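The form predicted on its own is given below as one chain in C-alpha cells.
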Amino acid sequence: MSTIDLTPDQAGVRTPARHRGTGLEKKRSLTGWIFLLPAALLICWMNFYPMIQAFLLSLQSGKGAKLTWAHPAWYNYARLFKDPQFLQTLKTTFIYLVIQVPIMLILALILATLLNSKTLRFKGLFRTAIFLPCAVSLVSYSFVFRTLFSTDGPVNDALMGLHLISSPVNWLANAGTARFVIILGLLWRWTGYNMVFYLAGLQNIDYSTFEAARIDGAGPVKTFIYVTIPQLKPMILLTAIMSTNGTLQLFDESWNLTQGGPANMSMSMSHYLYQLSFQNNPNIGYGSAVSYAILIMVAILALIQMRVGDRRD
C-alpha cells in the first residue's frame, strides 16, 4: 500500500509533499510568464497590431487619407482579379520564383557538398568568398549590376571582345533581359547564404555514411543523390520556404536595378505595392489588399512545401 510523505509547513500543519511540489512548479511557471510578458506585448504591438490595421485598411477605399469603408467590403480583393498591372506583376514574380529558386538551391547544395570535402584545401577561404555577397548592401550590389549591364558596361565589352554579339545589348530596356539580370543578381547574392545552411547540415551528418557509400561502389553523383540529399531533407525544406517567402516579397532588385521597366514588365508585386501605397496619389486601401494577397500566397506555398517535404518514409 502506497503512502504519501507529509512535511510540516510554517503553521505546523502536515501537508502532502506532492502538493507542495506542484505549487512550486506553478510559481516557477508564473515567474517565467511574467518575464516573457514584456516581449510578448512588444511583439503583439509591433507585429500583430499593424497586421490587423492593414486588414482593416484593405476593406476601405479612397485616395490619400480620405478613406471610407468599401461597398462591398471585399471590393479591393475583387479588384485584384481585374487589375492587369497586378496580374502582370504576379506573373513576373512567379517567373523569378520558378526559375531562380530551384537553380539557387541546387547550386547551393553542390557548393556545400564540394566545400564539405575533407581533402579540400583553403576551405575557409572558399566558403567566405561564396558567402560574402549576401553581406553586401542590397542597394550597393543593385547599382553595381546596373553598371555591369549598362549599354557601355563591362558585360557588353566582354561579349563583343569574344565576338558573341556584334553590337551592345541594352539589357535593362528589354523585358526578357531585364528579368534575366534580376535573376542573375539574386543568384549571385543568395546562393552563398543558402550554402551555409547546407554546410551546417552536412557537418551534422555522420561522415561514415559517405565512406560506406564509397565502399559500396557509389560514385560522387549517386552519393549526392541517394546519401546527401535525403539526409539534408529538413534543411532543404527550410531553405525552400525561406527562398519562396523572400522571392514573393522581392522589392530591392526590381526597384534599384530596373525601376520595374521596361513598361513595368520586370516589376515585382512588392514594388507594385510600394507604388500603390506611397507614389502617385496613394491608394492605401488597395495597397493593403495587395499586401494581404502576397501574405496569403506565401502562406499557401509554405503549407504546400511543408506537406510535400514532411512526408515520412
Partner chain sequence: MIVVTSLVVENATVVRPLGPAPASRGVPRWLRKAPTYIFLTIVAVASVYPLYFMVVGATNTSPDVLGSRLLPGGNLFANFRALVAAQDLGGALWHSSLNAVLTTIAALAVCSIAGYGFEVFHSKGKDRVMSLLLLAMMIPFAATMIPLFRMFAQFGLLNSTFAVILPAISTPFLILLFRQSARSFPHEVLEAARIDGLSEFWIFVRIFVPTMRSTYAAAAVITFMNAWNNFLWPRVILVANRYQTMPMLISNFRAGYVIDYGVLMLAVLIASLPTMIVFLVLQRSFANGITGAIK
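Residue numbers count along the first chain shown, from 1. Here the rigid core means the biggest group of C-alpha atoms that line up within 1.5 Å when the two forms are laid on top of each other. Treat the numbers as computed from the prediction; the structure is a model and nothing was measured.
This protein has a second form, the form predicted together with the partner chain, left out of what is shown; the following refers to that one.
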With the partner removed from view, which of 174-182, 109-117, 69-77, 83-91 is the stretch that lies within 4.5 Å of the partner chain in the predicted complex, judged by heavy atom distances?
109-117
Classify S288 as contacting or not contacting the partner chain in the predicted complex by the rule of any non-hydrogen atom within 4.5 angstroms, answering yes or no.
yes
Verify the contact flag for Q231: yes if a non-hydrogen atom of it lies within 4.5 Å of a non-hydrogen atom of the partner chain in the predicted complex, no if not.
no
Indicate whether the partner chain has at least one heavy atom within 4.5 Å of a heavy atom of H163 in the predicted complex.
no
I'd like to know whether F224 contacts the partner chain in the predicted complex, with contact meaning heavy atoms within 4.5 angstroms.
no
For the stretch 157-173, I need every residue with any heavy atom inside 4.5 Å of the partner chain in the predicted complex, listed N to C.
D157
Rigid-core frame, C-alpha of L36, shift of 2 angstroms or more between the shown form and the other one:
yes
